[in-house]
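Shown below, as structure tokens, is a lone chain in the form predicted alone; questions about how it binds or moves come after it.
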Amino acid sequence: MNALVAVYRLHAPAADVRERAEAIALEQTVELPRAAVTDPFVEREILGRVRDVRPEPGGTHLAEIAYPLACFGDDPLLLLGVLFGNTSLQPDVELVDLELPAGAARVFGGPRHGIAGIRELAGVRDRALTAAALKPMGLSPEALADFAATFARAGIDLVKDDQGLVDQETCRFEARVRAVTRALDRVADETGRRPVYTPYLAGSPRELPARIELLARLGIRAVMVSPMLAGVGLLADLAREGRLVILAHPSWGGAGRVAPELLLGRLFRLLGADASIFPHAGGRFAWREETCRAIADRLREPWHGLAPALPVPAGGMTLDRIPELLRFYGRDVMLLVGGSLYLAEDRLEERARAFVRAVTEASEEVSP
């Protein structure tokens, strides 16, 4: 196979679905009527082709369309544009899956660190990992740094900025990153252990280079990015550089008609995310367990030799659900708990220690 194959769900009358699929193949490549495509090279090497259209229960149809690799090369923006550019504006189409040759997957490269690299950085090998978020928006860098120190003393493995923290006047990026780093240094001096600090990296192309340079100067080894806000190009470039462990955040990931298991599971992994956050069923978001299972499978399953990425279920998880979550995902997971820790107020460290303890104990009850 020398082409990417995209799978679309079509909400159209059965009599029209083949024509609808052919129109998508044209729209996503040449953006011309078929009769206007006469150049032999374009016909052979660029034009999308419908491979299959088959019915689904409920009256929808799945259409498989093959796009030659020459359409996007190694450019992640072109990849997403070919997959679902103009067609995303059509309300009767969903993008639900893709497959591509092993060689094309290796061109994008996937995670450079993956599950093994995250475990090595955190110093955790035989249990699930723990994570906590610094929040809320509006607090000063010093206040957030105090929270980071509390989580560090409690033994949390990864402390990340909340995605609402970018560069507000109340909490500038550089001031926050420096304050949190100093706080974690102090705890490391006291305890001999420090969590992986994961700042939220966002901003305009004019601002990003200085922020990335600051992280390098401070020795920070991990970042969180929102690929659908900052751009998939940033995700891919950071992965290709290879220095940073990358945690992908799903913000804006539900704004289009793209299957979550494809976007948050397969595409983010393909473009270099070492870990991917997503809402688990039963929290603040009305997601089904089947969707969460599919995302985790796409992140961890063998796929063209790419490193597996770490699932990070989140979105309103509570400590009493930890045994259930580990039975569902196994040990190769990072549990992200936020709001339910902060409810403890002046008992935050005690609550965070209980989180770590519960994950450690539950990990002993499940298979790796």
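Residue positions are given as counts along the sequence shown, with the first one as 1. Quantities reported herein were computed from a predicted structural model and do not represent experimental measurements.
In what follows, reference is made to the form predicted in complex with another copy of the chain, a form of this protein that is not presented.
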| query | finding |
| --- | --- |
| Stretch in contact, per heavy atom within 4.5 angstroms of another copy of the chain in the predicted bound form, of 52 to 60, 66 to 74, 303 to 311, 325 to 333 | 66 to 74 |
| The single option of 78, 216, 188, 107 touching another copy of the chain in the predicted bound form, heavy atom within 4.5 Å | 78 |
| Option touching another copy of the chain, based on a heavy atom within 4.5 Å in the predicted bound form, out of 155, 101, 231, 117 | 231 |
| 4.5 angstroms heavy atom contact with another copy of the chain in the predicted bound form for residue 279 | yes |
| Close approach of residue 30 to another copy of the chain in the predicted bound form, 4.5 Å, heavy atom | yes |
| Residue 320, heavy atom within 4.5 angstroms of another copy of the chain in the predicted bound form | no |
| Non-hydrogen atom contact residue 184 with another copy of the chain in the predicted bound form at 4.5 angstroms | no |
| In the predicted bound form: members of 132 to 165 within 4.5 Å of another copy of the chain, any heavy atom | 135, 136, 137, 138, 139, 162, 163, 164 |
